[in-house]
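Form predicted alone, single chain, as structure tokens, below.
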Amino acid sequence: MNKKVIYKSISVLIFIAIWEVLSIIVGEDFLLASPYQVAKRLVRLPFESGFMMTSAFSLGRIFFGFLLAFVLGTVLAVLASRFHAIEYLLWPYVNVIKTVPVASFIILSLIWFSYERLTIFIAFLIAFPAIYSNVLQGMKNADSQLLEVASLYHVPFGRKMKYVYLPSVKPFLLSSCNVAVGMAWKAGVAAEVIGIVKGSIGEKLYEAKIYFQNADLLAWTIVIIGLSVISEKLFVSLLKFGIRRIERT
């Protein structure tokens, strides 16, 4: 067995053991449910009516918001690397998004958007800076000597993108996607909780908090982690496949 898998398994077991000890010390299920209670609730959760619809509702909106951030962030980063005026124009907006608390954006968005669009907008807003900044950095790190040779021989921009920029951007893009998907899920679910978006996972978390259902709260949190990891791995795998296809053509 891979050593990395063994170490990760041991880490998870230690975490569960600490969790179990803390739940015994606390002694109140509504404050901290035990791992067994959460596991039991987690097993039953998929068989309850509305589970699939609720999961699909949040997954669809959060992932769509991330996809918007991915497309727009990549396109604007490429344009900003070619036209510095675009980079300077976007600089204050990107930095504001990076520094302003997510809760502030969510509260403002509740005034501007309907509940259905809230999750999409917040997921997009939080994922965008990570994609844009990393792709822009990758474009700037492209081999200057190769770019000089390409300019000397008047190589079209499309071919420069494939043979010069893509190898430079690739690690930055993959790294940013690994981070941005998780950020989109955190921000998207937070928006659902604050906005009490009907039919969402955030609404389930809010109800669990209101009724002191700690086992439900933690079970839904594990569902969120699972959906986040699956969507991240799936998207990054498809992105790697797409990049390999471009490199081979």
Partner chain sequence: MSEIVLRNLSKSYGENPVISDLNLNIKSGVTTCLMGPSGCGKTTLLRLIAGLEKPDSGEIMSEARKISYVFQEDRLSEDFSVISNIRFVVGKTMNSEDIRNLLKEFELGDVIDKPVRELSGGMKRRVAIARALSATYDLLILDEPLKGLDEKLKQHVMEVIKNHTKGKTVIYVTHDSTEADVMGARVICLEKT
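Numbering follows the first chain given and starts at 1. What you are looking at is a predicted structure, and each value in this text was computed from that prediction instead of being measured.
Missing here is the form predicted in complex with the partner chain; even so, the following discussion is about that form.
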The one residue among A142, C177, A80, A150 placing a heavy atom within 4.5 Å of the partner chain in the predicted complex is A150
Students should find that, of L110, A103, V75, V155, the residue having a non-hydrogen atom no more than 4.5 angstroms from the partner chain in the predicted complex is V155
Would V164 count as a contact of the partner chain in the predicted complex, using a 4.5 angstroms cut-off between non-hydrogen atoms?
yes
| said: Contact with the partner chain in the predicted complex for L146, defined as at least one heavy atom pair within 4.5 Å: yes or no? | reply: yes
Checklist entry - Hey, in the predicted complex, is T249 touching the partner chain, heavy atoms inside 4.5 Å? => result yes
### Message
Please determine whether R159 contacts the partner chain in the predicted complex, using a 4.5 Å cut-off between heavy atoms.
### Response
yes
Answer among 95 to 103, 164 to 172, 121 to 129, 82 to 90 for heavy atoms within 4.5 Å of the partner chain in the predicted complex: the stretch 164 to 172
